[in-house]
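One chain follows as structure tokens, the form predicted alone.
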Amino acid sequence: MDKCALIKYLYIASALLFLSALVISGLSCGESAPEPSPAPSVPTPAIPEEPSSGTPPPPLSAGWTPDGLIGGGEYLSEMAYANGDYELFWGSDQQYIYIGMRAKTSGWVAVAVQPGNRMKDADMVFGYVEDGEVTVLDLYSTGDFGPHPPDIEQGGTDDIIEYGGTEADGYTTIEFKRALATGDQYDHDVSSGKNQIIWAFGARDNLNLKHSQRGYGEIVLPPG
């Protein structure tokens, strides 16, 4: 190879190497390493609030209806007597007491706040359903075995604010509402703690008919 040809060959080789260097440099500059994808965010679970101890249940009056149908949770307390033939339900919102009575009878049902013995001075509520009409009476017993005329016949007042009832499938159910303290001399206050009661029911819708069964019990209310 003569001198001119060698020079030409070296020139072309140098140019090719230079171009190769440029291509490699451009590729390395244009291709950046991919950034790692961010980790998916995990929501922090909400921590339920702890119920405050001693918080009273919502007022019974908010969901109470005297329709003669006693549903689960409608009353805060209940008690059964006479092998379940008489059931008493109650609750309070610190101003009123709400009571449900249900007995295995087509006659009358009753409950009385009784501070003494037998029936004397008993503050009674007596109810029945006859031909679809509900009767609820506010009574007061003047003797150990009666009589127990309505408060209004003794100079007192009828303090049953709301009431209702049903008679179905061999059972009579009566519900009523009254103030814990009525101010009537023929009513007893229903107070926090234990309140002695008498319960009873009869076979027919007759105020003067003697009870079929009766007994004693308690209505217990939480502190006010």
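Everything quoted here is computed from the prediction, not taken from an experiment. All residue numbers refer to positions in the sequence shown, first residue = 1.
Below, we refer to the form predicted together with protoporphyrin IX containing FE, which is not included among the displayed structures.
Engineer: Using heavy atoms and a 4.5 Å limit, would one call V129 a contact residue for protoporphyrin IX containing FE in the predicted bound form?
Structural biologist: No.
Engineer: Although the partner isn't part of this model, could you tell me whether R102 comes within 4.5 Å of protoporphyrin IX containing FE in the predicted bound form, counting any heavy atom of the residue?
Structural biologist: No, no contact at 4.5 Å.
Engineer: Can L180 be called a contact residue for protoporphyrin IX containing FE in the predicted bound form at 4.5 Å between heavy atoms?
Structural biologist: Output for L180 is no: heavy atoms all beyond 4.5 Å of protoporphyrin IX containing FE.
Engineer: Report whether the minimum heavy atom distance between M124 and protoporphyrin IX containing FE in the predicted bound form is within 4.5 Å.
Structural biologist: It does: once protoporphyrin IX containing FE is placed as it appears in the predicted bound form, M124 has a heavy atom within 4.5 Å of it.
Engineer: Which of 129-137, 116-124, 88-96, 75-83 has heavy atoms within 4.5 Å of protoporphyrin IX containing FE in the predicted bound form?
Structural biologist: Going through the listed ranges, the match is 116-124.
Engineer: Can you name the residues of 202-223 that have a non-hydrogen atom within 4.5 angstroms of protoporphyrin IX containing FE in the predicted bound form?
Structural biologist: L207, N208, L209, K210, H211, R214, G215, Y216 sit within 4.5 Å of the partner.
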